[in-house]
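We begin with a single chain expressed as structure tokens, specifically the form predicted on its own.
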């Protein structure tokens, strides 16, 4: 590691923490219906949407109606996006004449973008039209992110309210998330990206002359190259702001048309982590104790910092096999050093590692380097971050309500240790809440490990592996971990565009999103109906460094105990093999 690299990571952390309070306070005002400056501009549009959709904003829902509304909206999203993908060849804004997407791939993609996963078994620039990229992918980037934020807000209301049935109005929470938070932030970021060279056009692809002609595989001279163009900046902005991750190009944020400069790289890392971090302060404001939010954020940031440095250290150490060949992997003024395979020279090891950690700690899934080319320990770090159930920041909304589930588990464990009924924010945590929390904690590992086991023992699963052995196992484990946690990044060496992986991957994404959101909303409804219990001498303080440590321990222990055997078969044994040869 170099001083320059550590400074880059520290600078990112400092800027992120500085933005948490102002954005978090603003989002709290949005969800509490308090006046904000954008009301004058967007208020009429918000009311027009309610009238057009026949929504009564003052009419709140209990958790069952809220859940059914969320599910109905999501199912409609899957069906509409699937239909768009299947008929895109007959629609306008298709200058390259892209045809219909095959049924199994269209199904996987529709589920992927509706669940905020944005897993891509296709290359965007060779598969999707401009219309599909805008109306399909970009729109779903907004509404899938807003859905997660709405679920979080409903969960917070469950903690705040007492002797109540209602936890809010899904349609209002969805609309306000898009209009007042996601849309303004994405607009600002998109404009900045355009100034840095990110493409934004509805024109066709461009053919340009090569500076240095070359020959193709058949020995024919190649003098021109086709440059893919399209509405890139608008999609890149929301894919990071909304922790989506689906790239316009197959190379994602490693492509110079998506991420051309070191400044855009830093902005994209900030964008994908900003709302998840700021929502902790929003949570504190809405429950009336900002220390609660800071405690959760502290737990998240400590883990994030540790894994950022661990990944950077692993990649900076380089590949010992190259050392034996006499390759210089030491960092210097003219050599970035470390393991540069699969990384952009303009970003280097430090920021590539930081980007990888940021994208897997959240549910973004965007990449500015190829994770498949990381060292075994570097790949292990980003795998573990996803296996923490995307609670270290996590997706917008989904990350925090996932972490709050672990808070409930931590409070329950503490209560068992002292022989007292556990409480959190004045609400007793009883059998019903723990049953629902257990479902959330157990379902994700069950689907990830179960599908991985099926894939490694079936012909349909192993036939897609490009790298046999431990690394091939890691590729399969990474794929289902990414999809089961609604992340979307990939180890790349696995051919996921098969019927087997398209269907099983869609199943993992559906479970990872909705089978976790439903129990979370059930907990919200249960807590809202409870009365508030005044804090007493035996109440566990949940706004202290001690509790932050307990929370981190619970998250780490659950993740380690569940996935360690599988990790031992993949990246751990691969690291031992690499060092022994």
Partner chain sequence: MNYRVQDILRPALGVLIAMTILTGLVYPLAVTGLAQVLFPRQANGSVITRNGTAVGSTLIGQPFDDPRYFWSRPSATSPFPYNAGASSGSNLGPTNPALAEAVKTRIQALCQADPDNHDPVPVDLVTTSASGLDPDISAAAALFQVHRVARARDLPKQQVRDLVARFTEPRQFGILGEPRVNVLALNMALDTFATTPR
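No experiment lies behind these values; they were computed from the predicted model shown. Positions refer to the first chain, counted from 1.
Keep in mind that the form predicted together with the partner chain is missing from the display, and what follows is about it.
When you look in the predicted complex, the only residue of 460, 503, 187, 305 with a non-hydrogen atom within 4.5 Å of the partner chain is 187.
Think of it this way: in the predicted complex, the partner chain has a heavy atom of just one of 61, 552, 522, 30 within 4.5 Å, and the residue is 61. For the chain shown alone, residue 237 is a contact residue for the partner chain in the predicted complex, at least one non-hydrogen atom being within 4.5 angstroms. The shortest heavy atom separation between residue 424 and the partner chain in the predicted complex exceeds 4.5 Å. Although the partner is absent here, residue 373 is a contact residue: one of its heavy atoms lies within 4.5 angstroms of the partner chain in the predicted complex. Interface membership of residue 76, defined by any non-hydrogen atom within 4.5 Å of the partner chain in the predicted complex, is confirmed. Heavy atoms within 4.5 Å of the partner chain in the predicted complex belong, among the stretches 274 to 282, 131 to 139, 99 to 107, 480 to 488, to residues of 131 to 139.
Looking at 182 to 217, the residues that come within 4.5 Å of the partner chain in the predicted complex, counting any heavy atom, are 183, 186, 187, 190, 191, 194, 195, 196, 197, 198, 199, 200, 201, 202, 206, 207, 208, 209, 210, 211, 212, 214, 215, 216, 217.
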